[in-house]
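Shown next as structure tokens: one chain only, the form predicted on its own.
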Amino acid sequence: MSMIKIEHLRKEYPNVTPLKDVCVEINKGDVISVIGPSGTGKSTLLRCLNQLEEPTSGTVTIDGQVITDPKCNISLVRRKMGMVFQSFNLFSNLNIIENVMSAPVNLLKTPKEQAYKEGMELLKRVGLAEKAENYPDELSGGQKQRVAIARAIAMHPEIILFDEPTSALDPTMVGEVLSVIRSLAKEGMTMMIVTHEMKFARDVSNRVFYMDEGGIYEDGTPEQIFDNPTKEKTRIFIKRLKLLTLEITSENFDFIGSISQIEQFGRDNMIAPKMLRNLELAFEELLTQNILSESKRSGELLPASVTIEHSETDDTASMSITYGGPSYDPFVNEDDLSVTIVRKLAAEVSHSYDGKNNVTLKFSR
């Protein structure tokens, strides 16, 4: 059952357009983690959903009601939709239980006695009942965020939006907040969570949105997004890949300059010395002693493109070499010294041909 429907949502600012054309449906009970590089519109998307930001164009429908219609009573819609901000936004002049009670009493007209009872239950739920009489300034960042979550739940929302709920926290406090969000997810609450916590996003979500290029660049299950992303930008982000590309247009290319670039790439990305040395040796043996030698003989393999990738997540590296001409597999001749050396340096080697030759070497520590 569709809870939220977004159609051609666009948000423009004077100097930037973070959302260009967002179209997606969110079902009741979905727990969606929204990930992606900074500046790709993740927080803007959430703020457009509850009209804290007015979209430039497009429509947002919440539970059958078009909230982008000027005639919509957005205050009523917001009662269905809680939001937890990265900066907590607690009232410093109210104690903790008063913070939790405030919206139910003032907006829902809940009797104070009932609001107090429900508020205390919520504080127990987030492990902070003993802090009910304290003020926000007396709490840690993690405790403040748990109060903010209790305050959002106090309105009995159908949807909760979390805008980077752990980004302002000390690393030691992140776990306590994520634990509360996990418990909400298990109860079937519909949630959208902008987060940089990739392990959490994988564990808690049934869907993941990777945002880039002004929209939802890739949408899939955690397994699809984290293990088998179909789009290149998603793969680079998930694997936290650093890339170096070298273009080889002549057999007499600047070998020393290329090796210097590889060394600098390794230093910049803290690649282990042994792995970096293996990359340099494989580059020399496979490209200069094998592929370029064959190119000199046949005159058909250049230009070539060499891409080196290093993954921060698992500390692995790969080297891909793409070149033209007819199919030429440098690994066919097992007696070739360069092939023997490269096979010892790399954990895996492969060649494929799809109109161009594609050689891939994989390295591990």
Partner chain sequence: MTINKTLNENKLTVGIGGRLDTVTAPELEKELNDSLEGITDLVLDISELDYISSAGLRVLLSAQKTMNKQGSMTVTGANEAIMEIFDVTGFVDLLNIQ
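Residue numbers count along the first chain shown, from 1. Note that the structure is predicted; figures quoted are calculated from it, not measured.
The protein also exists as the form predicted together with the partner chain; that form is not presented, and the subsequent description refers to it.
Using a 4.5 angstroms limit between non-hydrogen atoms, Lys231 is distant from the partner chain in the model of the complex. Not displayed here, the partner chain is approached by Glu280 to within 4.5 Å at the level of heavy atoms in the model of the complex.
The partner chain in the model of the complex is approached by Ser338, whose closest heavy atom lies within 4.5 angstroms of it. When contacts are judged by a 4.5 Å heavy atom cut-off, Glu263 counts as touching the partner chain in the model of the complex. When you look in the model of the complex, the only residue of Thr288, Ser102, Asn95, Asn269 with a non-hydrogen atom within 4.5 Å of the partner chain is Thr288.
For the candidate set Arg182, Lys274, His196, Lys199, a heavy atom within 4.5 Å of the partner chain in the model of the complex is found for exactly one residue, namely Lys274. Listed stretches are 39-47, 329-337, 65-73, 22-30; the contact stretch with the partner chain in the model of the complex is 329-337, by a heavy atom cutoff of 4.5 Å. The partner is not shown here, but in the model of the complex the stretch 237-271 reaches within 4.5 angstroms of the partner chain through a heavy atom at Phe255, Ile256, Ile259, Glu263.
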